[in-house]
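The data below hold one chain only, encoded as structure tokens and taken in the form predicted alone.
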């Protein structure tokens, strides 16, 4: 890495000096308030390109910043924590003026954030909250607790226990459901799970919903790195261990479309294809095009749509405020305690998408095309 190379050339003192002044931007510590956008650089660190939503996020943030004239250093870390750390180190060394970071592990970047603070580079945590550091300046995301609430309500609607307007449905249960959660090192996974479990608790207490596997704690149901293959394997294990007596799974709470597709594959391989053994109600999140096709085909029940174009807009608004030496506008200053401080946040709304919402929510808004939905792939 360049940082290490500089240290070898000039020793620690010279490395620090170069880190503060290298690159073409103001380097965070300089006066950016009157600088031209073309003289400023925003470092954008995204976790992975294995999920289409992160590709869309990265491209959207970059395009919106470039449209305003800023230089953008966009890096994807391939779900490798050391890679993301090194990439952010390099952004700081090369004189980024603002950092926009979606962390792989929300607890793994304290050293990088300390270096950014020392260089007076503002840090915007993007969608995933960076934890255990005082050096997070702002957070842009969706209302993640409400995402979990929306997923739980979608599960209830799919089972017939609740109508879309929130009124009581005609079904009575009991229903067998299984629970999935995201990666424990992602702060959002806890908000999703808590929102869902708070919503479903009355149904568990009444016996209307039953978790036949007995796995109801987030530590038992979490999927590291949100991996589709891991979710498939866990669903296969659940079917083998808890449903080998002829009983059926009626619903699956899944917090992400990628996990949902793994779960669906496991269920299809076990014979859940129709008739007496129809596909369970399966929730999701992110409106990934492959899952939207499954919803359109009647396989997956729903997804929670988070319009990443709006999230990118807010990241740009926050970055520009910091560059003008102003405080970005927050609409939540209480909910997002990162373990060291409450991080001011701007939260965006979400929308549940069922089959009959695909056209109005996704196609008419320009998020996807009808051709992409029909094909199940972007482009």
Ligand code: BGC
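Positions refer to the first chain, counted from 1. Just so it is clear, the model here is predicted, and its values are computed rather than measured.
Keep in mind that the form predicted together with this ligand is not shown, yet the notes after this line are about it.
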- Task: Could you check the pocket for me: superposition on the site C-alphas, this ligand placed as it sits in the model of the complex, then open or blocked, blocked being at least 3 ligand atoms within 2.4 Å of backbone or C-beta atoms?
- Result: open
- Query: Want to guess which of 264-272, 281-289, 239-247, 153-161 is within 4.5 Å of this ligand in the model of the complex, heavy atoms only?
  - Reply: 281-289
- in the model of the complex, the one of 131, 293, 234, 306 near this ligand [non-hydrogen atom within 4.5 angstroms]: 306
- Task: Report the residue, out of 135, 188, 94, 85, that has at least one non-hydrogen atom within 4.5 angstroms of this ligand in the model of the complex.
- Result: 188
- Taking the shortest heavy atom distance, is residue 53 within 4.5 Å of this ligand in the model of the complex? yes
- Message: residue 256 versus this ligand, in the model of the complex: is there a non-hydrogen atom within 4.5 Å?
- Response: yes
- Partner proximity in the model of the complex: residue 180 to this ligand, non-hydrogen atom cutoff 4.5 Å: no
- Interface membership of residue 192, this ligand in the model of the complex, 4.5 Å heavy atom rule: yes
- Heavy atoms within 4.5 Å of this ligand in the model of the complex is the criterion; list the residues of 219-242 that meet it. 226
